[in-house]
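Here you get one chain, nothing else, as structure tokens; it is the form predicted on its own.
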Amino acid sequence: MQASLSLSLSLPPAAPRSDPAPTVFRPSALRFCGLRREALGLRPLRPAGSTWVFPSPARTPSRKTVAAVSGNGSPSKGFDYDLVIIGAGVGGHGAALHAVEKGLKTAIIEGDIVGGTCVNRGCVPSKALLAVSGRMRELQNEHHLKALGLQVSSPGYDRQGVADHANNLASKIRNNLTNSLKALGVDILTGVGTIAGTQKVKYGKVGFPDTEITAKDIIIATGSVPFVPNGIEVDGKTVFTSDHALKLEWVPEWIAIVGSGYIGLEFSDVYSALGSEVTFVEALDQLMPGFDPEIGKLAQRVLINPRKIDYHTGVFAKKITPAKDGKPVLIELIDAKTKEPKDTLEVDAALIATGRAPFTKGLGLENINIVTQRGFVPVNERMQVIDASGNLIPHLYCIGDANGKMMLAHAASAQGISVVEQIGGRDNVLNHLSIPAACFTHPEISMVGMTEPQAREKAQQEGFEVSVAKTSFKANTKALAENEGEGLAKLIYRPDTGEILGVHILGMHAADLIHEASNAIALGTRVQDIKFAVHAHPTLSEVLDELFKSAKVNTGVSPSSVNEPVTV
């Protein structure tokens, strides 16, 4: 479900209208939800060293480009391809496009449909549903509308229309993504891919002979599937996973959501906005256990308590039985610690949001002595696969959910690009602490780096101090203009060096605001330097501006004493 958006576009200075010379444009790597610009139907990228040429309007009114996309390179001697990628999700797509830019002859194998979980069953359709829930909340909030001088009567929704919006968006992005691969000359090989041996891959459809191909390098990018604990019977109708929920085939009056992480929290936002009563079932003692504790408490006050949402914490759903023969869904709860029976819930539906499991079965990993760890493919910091003896397997990499380092679509894409850089002889180690995450509730939650407890634990181990700075959205002009002053930004940093350890935000457009902090961590920018950055007024970005300015860093710190960007 999770994703982030980063946008980078570099244009040359505009030429005078009377200048008949063509304008030269070097396209930047635009990314949406970890996707490249081509997935949005924008112009595909050219390989490195080439340019787009646009005819001047004075010469012709046509928008057709003069230059055409070049071919997919020539493979290394003795191989069918320079690079073969198993899995055409966001990670595989990002790796494939970057490989073509670097002149590698590339193929991508996909046994299902292009786009993987993010495009078809995750980031993309969920954001469509959340867009609807956000608007419904605003229209239903009479106090909020009255404060803005607005009057709206009887807001409602068409369930099928909402479902179609999500499905159509996924279909559009999927088609654009597929076309972008084809336009760049990436060979899309349909079938289930398996590792046949060193630098060998087989692929094929069930019931048909497999085709074997060779590649100088191979990337495993097979993603993940919803994890369903033992004792839970999924029928896809009354007991279902996020894969089924995104179809929005019905809106139950009362739904239990098992798990209060990113997925569960986002679906609670959707269902409660559409009129459902929601009950969380959480195994740990507090809701939203993956969040910074202070942000989690505020999120509970803002996103849970005012809504028709209740919860049971410290309990397992030992058994869940789908509704049938006129009986409701039955959920048997037991104490998470003692395993003693606690309660039985009777609800209309149950959404299983207990996380995701790597999709690595049937990959043929045993053919090259790989033993997975809870299903995850073991890798080092460069995504190189490690065999059962602890040795690196040459020319084999694994990215994204399948390796378990960080199960986010944009992290998979970043890992794929890092691998391609290494294949090209440019050492590249991704700093996972600089990768942001976001939960697209209303208001949104975002984070990058360490939580406060994680930072303090590290400080105790390494012998340094930790400081915390905070700022409220209530002090931001733009947030107040929108009547959206509920929110908090939190900075965790080292006062001796100014190193940014973590940033956490709950508030309007938090998912967009986090990138200034994530880029600062990636580049090793210190608090005492970033506080001189200028932010447009009045904008929400000033929340971060005030946050950095409020941090107190010891003076007289030399640049050499500041930690360089960390690789994790």
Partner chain sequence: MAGVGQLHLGTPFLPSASIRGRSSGGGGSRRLTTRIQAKIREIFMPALSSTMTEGKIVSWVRAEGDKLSKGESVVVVESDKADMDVETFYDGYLAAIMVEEGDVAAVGSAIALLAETEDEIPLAKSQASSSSSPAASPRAAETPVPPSPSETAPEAVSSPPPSPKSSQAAVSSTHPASESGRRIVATPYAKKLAKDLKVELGSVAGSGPMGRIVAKDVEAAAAVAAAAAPVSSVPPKSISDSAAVKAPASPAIQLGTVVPFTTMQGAVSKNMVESLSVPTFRVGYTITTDALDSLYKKIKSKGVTMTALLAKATALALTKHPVVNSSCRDGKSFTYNSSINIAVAVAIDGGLITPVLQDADKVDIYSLSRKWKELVDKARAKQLQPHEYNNGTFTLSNLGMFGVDRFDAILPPGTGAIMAVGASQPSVVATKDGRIGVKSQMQVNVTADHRVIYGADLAAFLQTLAKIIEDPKELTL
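Please read all numbers here as calculations on a predicted model, not as lab measurements. Positions refer to the first chain, counted from 1.
What follows is about the form predicted in complex with the partner chain, which we do not show.
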{"item": "Partner contact for Gly326 in the predicted bound form: the partner chain, 4.5 angstroms, heavy atom", "value": "yes"}
{"item": "Heavy atom of Leu488 within 4.5 Å of the partner chain in the predicted bound form", "value": "yes"}
{"item": "In the predicted bound form, Leu333 touching the partner chain (heavy atom, 4.5 Å)", "value": "no"}
{"item": "The partner chain contact in the predicted bound form: Lys297, any heavy atom under 4.5 Å", "value": "yes"}
{"item": "Complete contact of Ser154, Ile309 and Leu480 with the partner chain in the predicted bound form (any heavy atom, 4.5 Å)", "value": "yes"}
{"item": "Of Lys337, Lys458, Arg159, Lys470, the one that lies within 4.5 Å of the partner chain in the predicted bound form (heavy atoms)", "value": "Lys470"}
{"item": "Position in contact with the partner chain when the complex is considered in the predicted bound form, options Leu284, Leu148, Ala475, Val371, heavy atoms within 4.5 Å", "value": "Ala475"}
{"item": "Partner-proximal stretch of 240-248, 450-458, 102-110, 376-384 relative to the partner chain in the predicted bound form, 4.5 angstroms, heavy atom", "value": "450-458"}
{"item": "Stretch 345-366: residues contacting the partner chain in the predicted bound form, 4.5 Å heavy atom cut-off", "value": "Glu346, Val347, Asp348"}
